[in-house]
Each structure stands twice: as structure tokens, then as C-alpha cells.
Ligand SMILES: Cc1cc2nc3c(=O)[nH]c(=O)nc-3n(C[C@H](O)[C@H](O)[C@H](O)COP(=O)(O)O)c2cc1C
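Just the one chain here, the form predicted alone, laid out as C-alpha cells.
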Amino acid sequence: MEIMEAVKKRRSIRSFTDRPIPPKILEELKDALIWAPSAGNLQSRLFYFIFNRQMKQALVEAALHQFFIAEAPLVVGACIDLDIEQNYGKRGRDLYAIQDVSASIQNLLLVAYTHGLGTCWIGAFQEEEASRIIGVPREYRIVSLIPVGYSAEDQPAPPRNKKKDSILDIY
């Protein structure tokens, strides 16, 4: 699959089958996460691969009743490492770490799509409760939950802004 095909066809999926994800694909998803660029190559991020049904159900409650989270065979908890502040100050903690984990998540979404998997990038959840459920250490901050699995739905492409409205060429 060409990369632009994955970029254009990937969708946020909110309905999953119970089909398990093969171990080889799980390893590729992990590779996608760790090979993303990061500020100063500090790799200030941590990811939890959550398969436990009870934990996923508890995350549904923490994520404002987004029930599809529990349907997915895998939920990835994406965290930033707050210790980046030692190298880059407040800007590192408040921006660089978020950029680092975001690049990793985008890699995950695209690689998952190339394997026929659906994903949804979730930011709406009670952070402290999700951290407690997963057991995230204090030096990390959970910033996203990503359910991953085989889609039980087909999502059409949503409309996009015109390039001229979103991109300004400066010469």
C-alpha cells in the first residue's frame, strides 16, 4: 500500500469485531510507535498495550462512556514522559513531549490501517482516572487512548478543507 493511500483512507473507527490481532501485527504496531521522531531523540513517551477486558471496561467509564473502547481487542494508552522538562524546560513538557507522542500515534494509525485494522484517537477521558486504572507512574502523563481492532463498520471520508483554505504558500 502506498503511504498516501493509507493517509487518505484511514478513518476513526468506533465499532470493532472480536477478531484477535495476530502477534506479528502487534509487533509491527510497537515498531511503528518507537520509530517515530522525537525531540533530541529523547523518546519521551511510554505506551501501554491493554488487552484486559475489565481494564478496558473501566476505561469506558473514564472515557465518558465511549463504549466502543471495550469492543476493541487492544487499547493503546499513550503517555508522555514529564522528565523531558529536565532537558527542554516547560516547553519540552508542554509541547515537545506532546509532539513526540503524536508522531508515534500517527505512525500507529497508519500501520494499523495497512494491516486492515481500525483505530480511533481518543483524547476525551478523565486523565487521573485513566492513569489510576492503567497504573501510570507519576512521571508520566496519559494523553490518549487508541482502540485498535478489525472494523465492524465502513466509514466514508469526511469532507476536508480546500488546500487554499488551510495551506499558505510563502515564497
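Just so you know, these numbers come straight off a predicted model, no measurement behind them. Residue positions are given as counts along the sequence shown, with the first one as 1.
Keep in mind the form predicted in complex with the ligand is missing from the figure; the text below concerns it.
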Quiz item: If you check F47, Y113, Y140, F68 against the ligand in the model of the complex, which one has a heavy atom within 4.5 Å?
Solution: F68
Quiz item: Which listed residue (I133, A32, I122, L117) meets the criterion of a heavy atom within 4.5 Å of the ligand in the model of the complex?
Solution: I122
Quiz item: Could you tell me if R160 has a non-hydrogen atom within 4.5 Å of the ligand in the model of the complex?
Solution: yes
Self-check item: Partner proximity in the model of the complex: R11 to the ligand, non-hydrogen atom cutoff 4.5 Å
Solution: yes
Quiz item: Among 49 to 57, 123 to 131, 23 to 31, 36 to 44, which stretch sits within 4.5 Å of the ligand in the model of the complex, heavy atoms only?
Solution: 123 to 131
